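Consider the single chain below, provided in structure tokens and representing the form predicted alone.
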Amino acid sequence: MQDISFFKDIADNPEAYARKWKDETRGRIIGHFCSYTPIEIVIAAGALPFRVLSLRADSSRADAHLQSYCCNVVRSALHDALSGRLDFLDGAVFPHTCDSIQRLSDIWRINNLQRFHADVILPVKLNSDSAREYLVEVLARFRNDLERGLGVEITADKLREAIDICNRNRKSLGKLYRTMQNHPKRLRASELYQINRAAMVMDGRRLADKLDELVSRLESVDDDDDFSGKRIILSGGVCHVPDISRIIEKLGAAVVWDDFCTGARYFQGFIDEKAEPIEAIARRYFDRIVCPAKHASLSSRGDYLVEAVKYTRAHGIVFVLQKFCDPHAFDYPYLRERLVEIGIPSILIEIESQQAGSGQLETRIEAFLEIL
């Protein structure tokens, strides 16, 4: 689709976009590694939140600092930082998720890779009043750390403005996902992937305008694009290389939803613009679906996937597991068992960016689609 070429250019080279943005605005850029990063506070500080997600095959510079069983998301990020590819960052934020991210934070700090460094230790359980109170205190502390570290004042008005920007973008991304779900020929998942990838590094105000334009164009299309092929949901953590969606589309099926931290979990949940800003930001993390590194209830993630299958009329689920990703690996057996109980087919695919090619992967997906 011609309309997404703007987003594709940024998704293909996010570092170039960040460097250009910094040259033009003289602003500061804060790197982060997780959808639990409170980007609203970063935006309110006048900085650009930049999702670090290189996943390059080369991670040699990280080998001296990390065990071999750390996932490539962590390894490639550290390699890029040590090799100078992320020297445009003015700081980095590390939410508490998995053990590998926490060790990455320690190594990042010890090597003094950027001036500003913050750990945002969110509670693991997101289902109690005490956890909510604790999370509000954590976010307030992060706000203070940013103010001191960047030499700025983060006012309530600036926070509300940032919340408004993020809500606009999340609303637009939600509309794009519904377009993909209802009209897979009009907007393919592989195209939406490019939009998501760009959205995680773009200036929020500019992003809001570009997303509004794209949504308007897609909603104005009047065509008969009924899709009769197999409808697939993707579930996992980070899906970047290889491009699973493109392979599924090549085989005549369509991705109609995903459960990725770089996908639907990135934009799910709105923030109450009338409430106290920090409390409202905290409430969003309680309302949206959790990732496997957090806990809401024993069945919340299984219930979510089952409802997603019903809502999107999906025929099956492809679990995409980053190699050595413990939270999602522990999550998978329970989710698969839940799907088996109600007769929803699924397949597990383990990936890492160093894979030599996608031939074997395509063969496995093709066999799964034939079973469906």
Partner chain sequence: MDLFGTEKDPERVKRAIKCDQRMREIMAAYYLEAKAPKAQHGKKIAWITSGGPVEPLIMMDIIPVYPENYGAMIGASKMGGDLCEKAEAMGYARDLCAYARSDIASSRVNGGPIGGLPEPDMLICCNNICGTVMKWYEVQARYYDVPLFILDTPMCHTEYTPEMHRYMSRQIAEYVDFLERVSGKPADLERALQVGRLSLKAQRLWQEILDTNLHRPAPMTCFDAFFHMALIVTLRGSEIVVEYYQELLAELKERVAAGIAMVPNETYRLLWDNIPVWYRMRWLSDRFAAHGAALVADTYTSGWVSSMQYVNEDDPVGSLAESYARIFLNTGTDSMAENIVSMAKRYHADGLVIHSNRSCKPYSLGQYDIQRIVERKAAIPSIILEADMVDDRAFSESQIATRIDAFIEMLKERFAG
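Computed from a predicted structure; not experimentally measured. Positions refer to the first chain, counted from 1.
Note that the form predicted in complex with its partner chain isn't included here; everything after this is about it.
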{"query": "Proximity of residue 64 to its partner chain in the predicted bound form, heavy atoms at 4.5 Å", "finding": "yes"}
{"query": "Contact label in the predicted bound form: residue 70 to its partner chain, heavy atom within 4.5 Å", "finding": "yes"}
{"query": "Residue 293 within 4.5 Å of its partner chain in the predicted bound form, heavy atoms", "finding": "yes"}
{"query": "Proximity of residue 149 to its partner chain in the predicted bound form, heavy atoms at 4.5 Å", "finding": "no"}
{"query": "Heavy atom contact within 4.5 Å of its partner chain in the predicted bound form, the stretch among 309-317, 38-46, 24-32, 330-338", "finding": "330-338"}
{"query": "Selected contact from 168, 85, 115, 103, since only one has a non-hydrogen atom within 4.5 angstroms of its partner chain in the predicted bound form", "finding": "103"}
{"query": "Contact residue in the predicted bound form, chosen from 204, 91, 184, 123 - any heavy atom within 4.5 Å of its partner chain", "finding": "123"}
{"query": "Triple contact flag 107, 110 and 131 to its partner chain in the predicted bound form, non-hydrogen atom at 4.5 angstroms", "finding": "yes"}
